[in-house]
Ligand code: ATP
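In structure tokens, the next block holds one chain alone, the form predicted alone.
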């Protein structure tokens, strides 16, 4: 039977329940056998994660430990230098073979700058693309780059080819962001400052318990870290 594989890239700094819930919805909407979280090591646009590559990988592994269809692909964390998506997708295609249906997943904000990515036009030679629209992000209809508008105009209702197709999907917005959670975690470590109970509740509500335990053990996201 043909495998249907999803690739969900990002920094995941830290992974939170919004990421996990979205991944589950994508498994259902795209009829995926497995969705792989693929954290990047060095972001092409100079994001600087607060946790190390190994720590972000471990947090993801803890978050998906009990999820049957979710796994972690750490190839970009094992690669020196900047993570280029096209290199990863080429390697994934080689591993899964010509017949596997591979879907690279990204939001409209990221898709709007796709034409600035390294060898971006080769992406569809190795995978399909799922463009996810969320409330609060740029709408697909607002994207002005001609080449990207052409791709969106050619989108399909359902992905059935191994590569070369694009589908547009709508998902509910994240109720929390990694940025907000890093801020909440930093406040817990403030010296001589009473901890805001609401911040602690936010951490426990939106980060998987095993990940919270790991963050505490590693003392991640402390102020001035």
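The term rigid core refers to the maximal set of C-alpha atoms that superpose within 1.5 Å between the two forms. The structure presented is a predicted model; accordingly, all values stated were derived computationally and were not measured. Numbering follows the first chain given and starts at 1.
Not pictured, yet referred to below: the form predicted together with the named molecule.
- Residue 163 falls outside the set of residues with a heavy atom inside 4.5 Å of the named molecule in the model of the complex.
- With a 4.5 Å cutoff on heavy atoms, residue 12 counts as touching the named molecule in the model of the complex.
- Although the partner is absent here, residue 134 is a contact residue: one of its heavy atoms lies within 4.5 angstroms of the named molecule in the model of the complex.
- Using a 4.5 angstroms threshold between heavy atoms, residue 158 stays clear of the named molecule in the model of the complex.
- Only one listed stretch (76-84, 101-109, 144-152, 121-129) carries heavy atoms within 4.5 Å of the named molecule in the model of the complex, and that stretch is 101-109.
- The contact residue chosen from 178, 55, 199, 61 relative to the named molecule in the model of the complex is 178, the criterion being a non-hydrogen atom within 4.5 angstroms.
- Contacts between 1-37 and the named molecule, taken as any heavy atom within 4.5 Å in the model of the complex, involve 8, 9, 10, 11, 12, 16, 18, 19, 22.
- Taking 2 Å as the criterion, residue 134 counts as shifted between this form and the one not shown: its C-alpha moves by at least this amount when the rigid core is aligned.
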